[in-house]
Ligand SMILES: C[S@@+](CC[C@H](N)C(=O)[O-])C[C@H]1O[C@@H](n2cnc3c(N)ncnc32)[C@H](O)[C@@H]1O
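Encoded as structure tokens, the following chain is the form predicted on its own, with no partner shown.
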Amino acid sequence: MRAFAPVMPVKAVWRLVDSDPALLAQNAGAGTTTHKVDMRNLDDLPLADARLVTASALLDLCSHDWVTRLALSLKDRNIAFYAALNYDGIMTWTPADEDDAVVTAAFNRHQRGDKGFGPALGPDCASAAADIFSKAGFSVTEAPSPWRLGPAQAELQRQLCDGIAAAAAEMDAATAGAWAARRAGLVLDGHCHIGHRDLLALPPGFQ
């Protein structure tokens, strides 16, 4: 909503969809309605009269089948789709650590696990979604949208490292905890780049 506000007409109405009512309550505001929905069931999405569906950091959790069904559902209704922050599997850290590659590989394996939608696309989500929507007849535009975190985002870096390490440890990356501890000691000087891509898909004849 914040990103689109400068370019959307004043009359735009947002339907906020999530399975978590607490998140919906935090983000509700003027010009919005909230919808608690089990996202696995696409038939429950409130798409009547919708012109655009947006999602942020969602597609990496979803399966190829789910994204395919979403594309076909949106095409049938002539609805555009904008997906932000589609993780692409690339992480770089400065200064480098000997376990960066090991932890990243383990995290990426974890990303491909079932998150409730079937086997997740994980770091393949950006390329897979572009292919799925293109094959469904959409006009697809992509652009990089990486996270670039530095000393000004020190606390966010710490939380990010803890989350990455926890996921990597679940995939038997024995050094993940020590890696996170070392990274925590570098956040006041270090930087990280977490690769993401944004995707805009317009159905045939969309205006």
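Numbers for residues come from their place in the sequence shown, where the first is 1. Worth saying up front: this structure is predicted, and the values here are computed from it rather than measured.
Same protein, other form: the form predicted in complex with the ligand, not shown, and the subject of what follows.
Note on the partner interface in the predicted bound form: the residue among A169, V140, M39, A154 having a heavy atom within 4.5 angstroms of the ligand is M39. Checking A57, A28, A181, A174 against the ligand in the predicted bound form, a heavy atom within 4.5 Å turns up for just one residue: A57.
The three residues D20, L23 and F117 all sit with a heavy atom within 4.5 Å of the ligand in the predicted bound form. Using a 4.5 angstroms threshold between heavy atoms, L52 stays clear of the ligand in the predicted bound form. Within this chain, L47 is remote from the site of the ligand in the predicted bound form, having no heavy atom within 4.5 Å.
In the predicted bound form, the ligand stays beyond 4.5 Å of every heavy atom belonging to L149. Of the heavy atoms in L160, none are within 4.5 Å of the ligand in the predicted bound form.
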